[in-house]
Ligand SMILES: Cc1ncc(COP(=O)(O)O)c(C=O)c1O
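Single chain ahead, written as structure tokens, the form predicted on its own.
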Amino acid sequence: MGKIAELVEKHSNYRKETLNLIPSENIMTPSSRHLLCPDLVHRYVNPHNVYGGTKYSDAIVEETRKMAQKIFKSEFAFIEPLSGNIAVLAAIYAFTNIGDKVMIVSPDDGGYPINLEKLGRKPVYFPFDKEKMNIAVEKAEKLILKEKPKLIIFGQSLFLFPHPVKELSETAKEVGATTVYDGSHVLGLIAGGVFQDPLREGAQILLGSTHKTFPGPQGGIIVGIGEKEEQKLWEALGFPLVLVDNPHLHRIAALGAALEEYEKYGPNYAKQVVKNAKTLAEELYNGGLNVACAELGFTESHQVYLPTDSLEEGRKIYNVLEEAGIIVDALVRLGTQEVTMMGMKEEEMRKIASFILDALSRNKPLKSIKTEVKNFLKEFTSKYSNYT
């Protein structure tokens, strides 16, 4: 065994014995994972009828595109983006020019750290209500009318509650702005019929990552409404070449398989993800932790947020929890999408909360909690889900 293979095996064994609550990761559906390394991994897509040998791979691309349109009730779908970030860049290039304004959630309020200045665009940040962890609607209306951005991007990395797309999309139309919804974190919840439905609420474009609450391969997707929007995105993505050259057929096939499975079990899974998040949040709150938005029911997504004064404090928390066999991020966002894929429900969320409370209060030695976590996971690591 080579050194890299040895490290991969060590990583896999380590993560099997730890409880993953990072909100931007998930495990793939079984059929999706199976399709990541067939002959397709060696091949190119064929957008301009250049390559031979593609009669089946062309069909894979087309069927995956159709399935995406069906799941998201969209008029078009681009499954080519290699990441959610590429999908966002495509929207920026498609609907703005150098010097145009783009309205987004500020990174200080939990938004994505998009470097718009580097792209020659000017950022305009949504007014944000930190107590409600959401966009301040009336202030946002006034700012849209004042600044007249060309592009408005809803969505954020720290994402607890649905955004006011319906309330602000008409204002966006007044100033001629295209409305985009970055659903990277909540794509699986949207596909499962919970959280919100941006395309029915006024957004022209829904885009994002396919590996967070949606349990597909790492990658990106763009779906939307409107012939003009489709054409602009087509040009921005790379026809002729701009952002995407070879979209990776094996990833597209894996995405297609995940979409097929999600049509069957997605609604039940998505509902359980939110139930689990609410249960976890309530248990942690009742245990004495500072959990955001208690008066609002804590969350309507997969995320539970434990506010800290700094990233440094967050890192201390995730280091303590990792010693106890629990994986979180430095923002101390806890995500329930992966544990839900493993078949866990409310009872297991209460158990997970007890592990976290014991670790952070040092009621038990961290090594002892780590052993408990490892034994707890044995029931779940041999199967992927009750939903597939």
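All residue numbers refer to positions in the sequence shown, first residue = 1. Everything quoted here is computed from the prediction, not taken from an experiment.
Heads up, the form predicted together with the ligand isn't pictured, but that's what we're talking about next.
- [ ] May I ask whether I190, P198 and H302 all come within 4.5 angstroms of the ligand in the model of the complex, judged by heavy atoms?
- [x] The answer is no: none of the three residues contacts the partner (heavy atom, 4.5 Å cut-off).
Task: Contact assignment for the ligand in the model of the complex, among Y112, F72, F161, F78, heavy atom within 4.5 Å - done: It is Y112 that has a heavy atom within 4.5 Å of the partner.
Task: Of G219, P149, G256, P247, the one that lies within 4.5 Å of the ligand in the model of the complex (heavy atoms) - done: Checking each option against the ligand in the model of the complex, the one that comes within 4.5 Å is G219.
Open item on the list: Within 4.5 Å, heavy atoms only, one stretch in 304 to 312, 181 to 189, 273 to 281, 137 to 145 touches the ligand in the model of the complex. Which?
Closed with: Answer to the contact question: 181 to 189.
Task: is_contact(V291, the ligand) in the model of the complex, heavy atom dist at most 4.5 Å - done: Outside the cut-off, so no.
Task: 4.5 Å heavy atom contact, V88 and the ligand in the model of the complex - done: V88 belongs to the contact set for the ligand.
Open item on the list: Would you classify S83 as touching the ligand in the model of the complex, given a 4.5 Å non-hydrogen atom cut-off?
Closed with: The answer is yes: S83 has a heavy atom within 4.5 Å of the ligand.
- [ ] Indicate whether the ligand has at least one heavy atom within 4.5 Å of a heavy atom of Q204 in the model of the complex.
- [x] No, no contact at 4.5 Å.
Task: Interface residues of 203 to 234 toward the ligand, as seen in the model of the complex [heavy atoms, 4.5 Å] - done: Read in sequence order, the residues that approach the ligand (within 4.5 Å, in the model of the complex) are S209, H211, K212, G219.
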